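The chain below stands alone and is given in structure tokens; this is the form predicted alone.
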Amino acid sequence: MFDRFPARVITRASDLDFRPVDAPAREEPRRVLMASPTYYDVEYVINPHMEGNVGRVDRLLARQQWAALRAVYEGLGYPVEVIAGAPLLPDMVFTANQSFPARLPDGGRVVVLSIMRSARRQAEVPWFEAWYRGQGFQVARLDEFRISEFEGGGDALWHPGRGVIYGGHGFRSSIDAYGALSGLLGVPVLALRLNDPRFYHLDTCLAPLDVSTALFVEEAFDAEGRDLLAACFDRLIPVPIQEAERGLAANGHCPDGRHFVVQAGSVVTRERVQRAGFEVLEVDTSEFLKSGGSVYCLKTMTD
């Protein structure tokens, strides 16, 4: 069966000779990993959302918002594991970025560590490596002499329930990373170039909801990327650019194919997702929007 879906990187719809819905099934992880927001703040600018927000975080409110998001996942039946935040690492709270956990073809658990683009964030990775080692994961590193950057689950997203990965590149991850990732995990990667700095990670402009449905921000992709996404999902729901930028509406998360957790206030996106048959759970992540992150950025799913 896997011979039909060899490990490779695909960049164009014309090269896609399968439908992701037909790819081998993948069991969705059932645990959530978050990092405590003890030291969260905006201390520097590495994306457009941070501009004008240095020193403007209400840290008490941020902790309350983080706790409320944790409670949403627990209410959906997902146990939440917590890594303690570390001093001098204000962005450690965005746990989608430092790693990419997965299953190997033989069923073993592996985590691919990130190569963070920002020097300020590189020190976050060892904290996650220690946690994964403590959980019995095999730890894999990409070749930093060949691959300049890879920001984990911020740019690498699984097709829901299938052994196919979408890989964003252009701002925080190198396309070269996906050849290595594909070979390691034995699955195809569909590479998508990002062309708008407001949507610097793939998880800010693409939100797979179920095996046939995804939210996307049309303006964040080039023509090849839009064509590739259209070939992969039967239903592509566009997110209005205003809601995508101001509320990071495409940075919501659908962990179970039924519930979509998203920043409150994106009215058009909420209505479109509801019409598609999903239950929308709105949360307030306004303090984290000041750093350019919301629901999806604040968690990683692990086995």
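When you see a residue number, it is the position in the sequence shown, counting from 1. Keep in mind it's a predicted model, so treat the numbers as computed, not measured.
The same protein also has a form predicted in complex with arginine, omitted here; what follows describes it.
Annotated contact segment (heavy atom within 4.5 Å of arginine in the predicted complex): 41 to 49, selected among 259 to 267, 24 to 32, 41 to 49, 237 to 245. Proximity to arginine in the predicted complex, defined as a heavy atom within 4.5 Å, singles out one entry of 194, 96, 102, 164, which is 96. Each of 154, 172 and 200 places at least one heavy atom within 4.5 Å of arginine in the predicted complex. In the predicted complex, arginine sits within 4.5 Å of a heavy atom of residue 121. Not displayed here, arginine is kept clear of residue 114 by more than 4.5 Å at the level of heavy atoms in the predicted complex. Arginine is not drawn, but in the predicted complex it has a heavy atom within 4.5 Å of residue 291.
Within 4.5 angstroms of arginine in the predicted complex, the stretch 204 to 243 places a non-hydrogen atom from 204 alone.
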